[in-house]
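Just one chain follows, in the form predicted on its own, and it is written as structure tokens.
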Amino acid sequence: MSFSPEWLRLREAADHRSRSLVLARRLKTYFSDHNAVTVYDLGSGLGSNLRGTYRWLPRRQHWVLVDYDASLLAAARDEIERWADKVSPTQGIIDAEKDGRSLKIEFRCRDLVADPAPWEGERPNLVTAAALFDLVSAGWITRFTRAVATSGAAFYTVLTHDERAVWVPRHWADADVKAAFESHFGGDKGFGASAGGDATRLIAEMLEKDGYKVERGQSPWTLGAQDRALIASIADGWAAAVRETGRVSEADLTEWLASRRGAGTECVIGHEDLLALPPRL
């Protein structure tokens, strides 16, 4: 499954401000005695997770951005070159500087369905992802967490869907629309039946069995007047998904969508972050 660059750009500011600061600070503390880190970012899209995480990591960072969509990886390269303070691009790699940090960035096109551990014998210090694990299956999560534990890497994921959603003002169709949306969310997104709102719990349980110390933190989008374009896009996406289920009449769905796209709409869309630190040997 791939997302449009327009959607990824639209959500980036909300993603960054919504992260759990408690977990981000825990991440910073964990790597405080490292001079350098190697980070694998799975389902990297336009590189938003790198831009949201780099400030919590040591001065020298080697990032490997992994995505199935080669066009997104090419767009990510362009986004990073515009964002960095200084950049020296070469084929397949960017050497960049941002806020006093040195970033070596690679771009790898890989099929994560077939290989949930694309570090190919390397031993990354950190494996990370944003808004990915609610789209994968429970079986895939089992394979992935086993590979992470075998590598001994720390694991940090942000903005995983957790099924909480509140729309303001209330609309009489909210409950029916939400139920239909969650039903659609649990469908196959390319990895098998999606774990959806169970993803964070499954990851936590599996890594805890391997001795990891796991912490979870809420990271909801809290969206208001300044986020009208994002709210409208979310409402459009919900309506499209609900329409595919056939569980809400077209008339009711059309009325709900018109209300949600109107001025004055606010919403809280729930997400959860997770940080898992390996056992000390």
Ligand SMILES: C[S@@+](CC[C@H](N)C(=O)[O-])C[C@H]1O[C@@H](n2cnc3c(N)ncnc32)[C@H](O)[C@@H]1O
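Since this is a predicted model, take the numbers as computed values, not measurements. Start at 1 with the first residue shown and count on from there.
The next section is about a form of this same protein that is not shown, the form predicted in complex with the named molecule.
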Should D227 be counted as a contact of the named molecule in the predicted complex, where contact means heavy atoms within 4.5 Å?
-> no
Is there any non-hydrogen atom of S219 lying within 4.5 Å of the named molecule in the predicted complex?
-> no
Heavy atoms within 4.5 Å of the named molecule in the predicted complex: does D111 have any?
-> yes
Using the partner position in the predicted complex, report whether T53 sits within 4.5 Å of the named molecule, counting heavy atoms only.
-> no
Assess the spot marked by E122, A153 and P278: is the named molecule within 4.5 Å of a heavy atom from every one of these residues in the predicted complex?
-> no
Among A84, L103, I141, L135, which has any heavy atom within 4.5 Å of the named molecule in the predicted complex?
-> L135
As a check of understanding, the residue in V177, I94, L126, A131 with any heavy atom within 4.5 Å of the named molecule in the predicted complex should be identified as A131
Name the stretch: of 36 to 44, 209 to 217, 240 to 248, 53 to 61, exactly one has residues whose heavy atoms fall within 4.5 Å of the named molecule in the predicted complex.
-> 36 to 44
Those residues of 68 to 83 which, in the predicted complex, come within 4.5 Å of the named molecule by heavy atom | Y68, D69, L72
